[in-house]
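Before any questions on binding or motion, here is one chain by itself as structure tokens, the form predicted on its own.
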């Protein structure tokens, strides 16, 4: 299915935009760093996304693997205001210490800190044992992987598999798919092959859903891919630590060194 303009299908209210702005326009929200492919969705796209995926997340234990858009907070505050049905619990894992702090602070400020926790984590490393195989649903928005055949998405999805239960779980991923761009078709082909080989099927795909704050490529779109775990296969990289040479151009051509984290001052710290 292809929804290039979801406003024709979803009617957003001024109340919903006002609630969304409490997160997206919050003075404490970290500024995106393009060098690590942090590019925020436009507010309309993010509100559409939150409302569309709420049915998949409600009443579930959800893990957010990388949450630069702060979708966990958007989901939490919309749930708090009874504009969507919220998840039962949310765990956020990100290598940006600013985002971890913002999730903790904003959820406390807006009164839903009992529904969320946030941790520093880099997908280069295996999922910590305490969180392995714990969640019902994953949500991830990985780097585009336009320069590495979708490997960026594959690494994020591999860790999502570790976070989630081995049977009956499913996931939501924001992935690029431009049917007229060869790199995008190749990346999606590789990602779907990886999913199939590891027990998942793509059950739904909504293309052209999201637009971004991108001056150099304002027409860039991404879509939502829903995937179900239909076979309880062991995660392929459970004890694997990805080496630098396996993560070339993970964040595109601008990447010099693979970062270990972004500190609270917004400084990219290399391994």
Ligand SMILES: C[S@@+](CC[C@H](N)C(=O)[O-])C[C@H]1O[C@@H](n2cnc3c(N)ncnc32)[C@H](O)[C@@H]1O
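Source: prediction; values computed, not measured. Positions refer to the first chain, counted from 1.
In what follows, reference is made to the form predicted together with the ligand, a form of this protein that is not presented.
Although the partner is absent here, residue 61 sits far enough away that none of its heavy atoms falls within 4.5 Å of the ligand in the predicted bound form. By the criterion of a heavy atom within 4.5 Å, residue 122 is counted among the residues contacting the ligand in the predicted bound form.
Contact between residue 188 and the ligand in the predicted bound form is not found at the 4.5 Å heavy atom cutoff.
The ligand is not drawn, but in the predicted bound form it has no heavy atom within 4.5 Å of residue 47. 142 is the sole member of 87, 142, 171, 176 with a non-hydrogen atom within 4.5 Å of the ligand in the predicted bound form.
From the list 193-201, 76-84, 89-97, 163-171, the contact stretch for the ligand in the predicted bound form under a 4.5 Å heavy atom rule is 89-97. Residues 41, 66, 67, 68, 69 are the ones in 41-79 with at least one heavy atom within 4.5 Å of the ligand in the predicted bound form, listed in sequence order.
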